[in-house]
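Encoded as structure tokens, the following chain is the form predicted alone, with no partner shown.
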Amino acid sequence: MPADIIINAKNVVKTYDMGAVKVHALNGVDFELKKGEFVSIMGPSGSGKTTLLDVLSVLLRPTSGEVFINKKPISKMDDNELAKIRGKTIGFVFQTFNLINRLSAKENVMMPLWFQGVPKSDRENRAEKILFDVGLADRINHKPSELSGGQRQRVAVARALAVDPEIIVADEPTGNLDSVSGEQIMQLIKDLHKNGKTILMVTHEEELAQNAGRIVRLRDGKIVATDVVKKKEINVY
């Protein structure tokens, strides 16, 4: 396996047992993500794109096949080891933000650092710096209910960056935003990529997907096409 491969999936199958019915969400998927890449995953509703994202980011174990993170097979890892990967190697940005409503922006960003055992003063300094970097220096003490959708997603991006992960995984990161806020979040993600972050993003919008270097297209749980995006300046909306 080449040294620059961060995530590698081999013949991954994911089946959900719904009692009398088995739903085959993924049907033998092979996938590689290289360090420094920006890859978009696209497909119609029910194609398996979110399931693939969850398996690649070790939120789900595959039914069969294997996923390697930095050459290490997740089938050999226990739940604690997988939690460490989710806490350090991968930063998550969700469509629904997944912020803790009772906590301020700064406290939300500090949470993953708390799980890592980082001292409080260091947590505070790190959170304030990242919120400044994403344009929320004047909102650090505001709770999610006091922020716009775009601002909440910026907090979510800041939280994902808190532990300096190798990979940013984004599931429909602009899905709940207006067009202006969505464009700002997309620009933030592009800037993270330019600064060296590896990005793996699910989107249903072709225009957003075109911001990646590669688009992986799913249908019926299988990869049916992989498109290399021509390098040019693209309007995100």
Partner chain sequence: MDLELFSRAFENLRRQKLRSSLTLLGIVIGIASVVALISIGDGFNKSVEREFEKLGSNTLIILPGSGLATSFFAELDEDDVDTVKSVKGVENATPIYVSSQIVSFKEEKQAVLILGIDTRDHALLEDLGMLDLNEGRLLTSSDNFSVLVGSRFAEDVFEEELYLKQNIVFEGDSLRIVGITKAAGQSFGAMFDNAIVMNYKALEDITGEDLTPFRIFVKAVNKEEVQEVKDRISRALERAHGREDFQIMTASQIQESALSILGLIQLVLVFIAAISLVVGGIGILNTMLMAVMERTDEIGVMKAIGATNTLVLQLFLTEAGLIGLVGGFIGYSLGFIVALVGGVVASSSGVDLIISFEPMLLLGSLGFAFFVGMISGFLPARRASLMDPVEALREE
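Note that the coordinates shown come from a computational prediction; the quantities given were computed from them, not determined experimentally. Positions refer to the first chain, counted from 1.
Beyond what is shown, the protein has a form predicted in complex with its partner chain; the following relates to that form.
Q) Are Leu136, Leu147 and Met186 jointly within 4.5 Å of its partner chain in the predicted complex, each by at least one heavy atom? A) Spot residues vs its partner chain: no contact at all.
**Q.** Residue stretch of 69-77, 147-155, 88-96, 125-133 approaching its partner chain in the predicted complex, non-hydrogen atom distance within 4.5 Å
**A.** In short, 88-96.
Q: Report yes if any heavy atom of Glu166 sits within 4.5 Å of a heavy atom of its partner chain in the predicted complex; otherwise report no.
A: Judged by the heavy-atom cut-off of 4.5 Å, Glu166 is well away from its partner chain in the predicted complex.
(Q) Can you work out whether Leu60 and its partner chain are in contact in the predicted complex, taking contact to mean some heavy atom pair no more than 4.5 Å apart? (A) Output for Leu60 is yes: heavy atoms within 4.5 Å of its partner chain.
Q | Partner contact for Lys143 in the predicted complex: its partner chain, 4.5 angstroms, heavy atom | A | Lys143 belongs to the contact set for its partner chain.
Q) Do Glu37 and its partner chain come within 4.5 Å of each other in the predicted complex, heavy atoms counted? A) So Glu37 does not count as contacting its partner chain.
Q. What residues of 111-136, in sequence order, lie within 4.5 Å of its partner chain in the predicted complex by heavy atom?
A. Those in contact are Met111, Pro112, Trp114, Phe115, Lys120, Arg123.
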